[in-house]
Each structure stands twice: as structure tokens, then as C-alpha cells.
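A single chain, nothing else alongside it, follows as C-alpha cells in the form predicted on its own.
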């Protein structure tokens, strides 16, 4: 059974957005920053431009400015965010940063640690205190895993902290490295999923060789999905799913079409090189289907939408491991109407649009008034 395009198939459908972004400028975080680094944020102020703030969100911008491009768009307050989500028909949302998507490339450990503290305090105090359907992912500091473990324990009792954001763009080493065990162990103990989130960045770290492409079209097309694939293999090849048997892992802003390919490829080489990874007691695909989730944005758009549904079913037959995500308010956000048009069953639609996220994040379903 399929519904008319753009129609909800059930009256009780809850839409949960697994990836929305707040405007985390240096000026916003300044009141929550400790000295002497607070002075640095005061100098930066509002920043120069989106994802291009030296010393805060450092990015190597290689392309010349071209008039008529997409304008940057940010959300500054919870009320503004709630209004935007209401207009999209979204009930609940999980907040991620904007500028701190580039957090992993900051080289100074003490400074990065204090930035992570300031962001987490700012997020909780200014975005998560109201009963407005907004939840948040605190940032983990890959530069200082032991401190991040303490941060996770500190915020674990906050009802509206529902995840730990793992900065993925330019992270070195990748997230399967054992240096991050304190972060993963603390997230498991707190029953908080870890959410990898990437962004396009030119860096000596993975994904390599983005600097060799002449324009952002090519870099954008490759960076997100490649970074997620590499980190998924990194988690698997060091046995993270076996060593942390209750840890839940999410992958955001990389689409979903790459997932079946990676499952098949990992299983193939698991069969061939099984002696090299004896700590994996099950095939990689089983770990993926048991405890990993994948957010839709930017959703692939094949000519025949049935092909997209078939692709999802290859790794997630009932939609219980797939999360709707919009990436709001970025210009390339995915409206929920796009997924509502897909020819899938009411159960699959209910899971993807919200039920899967409610389960993953431990969020209670809102009561309809």
C-alpha cells in the first residue's frame, strides 16, 4: 500500500529531525569561555563568514566567489528554530553545531578542550532549557578523549542531551583508534549514541586529495560519504562494536546509498581475512544492522523513487535503522515532503520519519493536542 504523494499515511506520524544546526559563533560562546581563551573569542566576535573563521572554524577556501550562489543561513534562537521546524511540519529535532563541524582540525589541545566545554554549556543553557521539542548532541573533543569522557558523564543526566557528536571532518586518527576508547566507553555507560557528522574540508587528514579537485562540486560530492565510509571501517577494524557491545552509532549528512555497498564489501573481506579481526564475533553487516543508524540527508534522488526505497531495504528492511534528517537551515536542506512522497509502507514511513529516532535517542513521543 502506498499513499498519495506528500501525504502522511498515518494520523499519528511523528516527524523527528535527526540533524538541525545552531549558529555557534565565537560571540555566542564567549560568555561561556574561560580565560585566557575568552579573549581570543572576543577578538573573533561574530566571525567572518559561515565555516570560515580563522582559529575557530578554519577552512581553506579554494574557489573564487561566484555571484548568484547559495546564501548562508543560520538560526540564532530556539524560538526561531521552533518557528522554522513548525513551518516544515517537524515535531522534534536534534541540534548539532555549525562552525564546530570543523572542530577536529583545531590543533591546540587546551584551546579545543575549552571550546568544547563552552559549546556544551551554551547548548544546554540557551537551547535546551525550554519545553519546545529541541534536543541536543554535546560535542566530544577528539583532541582530549579523557576530558570528553568526563564531559559525557557530566551531561548524561540532562534529559534533553540525547547524543554525543563526534566531529568527523579532518579528524585524525579516525574514530576507531583506541585513543578514543574513553569517549566511546563513556557514551556507552551513559546510554548516549555517538553521532558522526562530516562536512567538506580540505585537510591533510582523511578524505585525502580533496585539494586536487578544481571546484567545490567535486569536493562536496566525495567528502561526506568517503569520510563516513572510512570511519565505519575504522570502527569495525579495531573491533569497536565487539569491545563496546551496547554502544549505538549514528552517521549523519552523508546520504544512505553507500551503506549497502559497504556492508557487502566488509562482509566479503571479513570472510577472506577473518583471522586478522578475531575480535569480531559476527559479520560486520550484523553489527551494522544491530546498533548503527543512518540519517537520510542529503538524500539521493534517483529517477525512479522506488530505487531509493529498494536501496534502503537492502540494509534496513523496515526502516528501523534509518533516520529522517533535514540539515535545516542550510540551503541544501531536505524537506520532509521529499521522503513522504516515497512509495513505502506505513510502517517503514513511520520508522524513518520519527519512530527510529525516538528509539535511538530515548526521546518520549510528543502528546498531540
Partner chain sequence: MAEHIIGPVAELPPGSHRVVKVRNLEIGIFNVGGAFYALPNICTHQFGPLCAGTVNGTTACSAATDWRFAWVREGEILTCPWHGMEFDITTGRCLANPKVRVRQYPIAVEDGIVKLTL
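All figures in this text were calculated on a predicted structure; none of them were measured in a lab. Numbering follows the first chain given and starts at 1.
Heads up, the form predicted in complex with its partner chain isn't pictured, but that's what we're talking about next.
Contact here is defined as any heavy atom lying within 4.5 Å of its partner chain in the predicted bound form, and by that definition each of 69, 242 and 271 is a contact residue.
Contact with its partner chain in the predicted bound form, defined as any heavy atom within 4.5 Å, is confined among 135 to 143, 272 to 280, 182 to 190, 214 to 222 to 272 to 280. In the predicted bound form, residue 73 approaches its partner chain with a heavy atom inside 4.5 Å.
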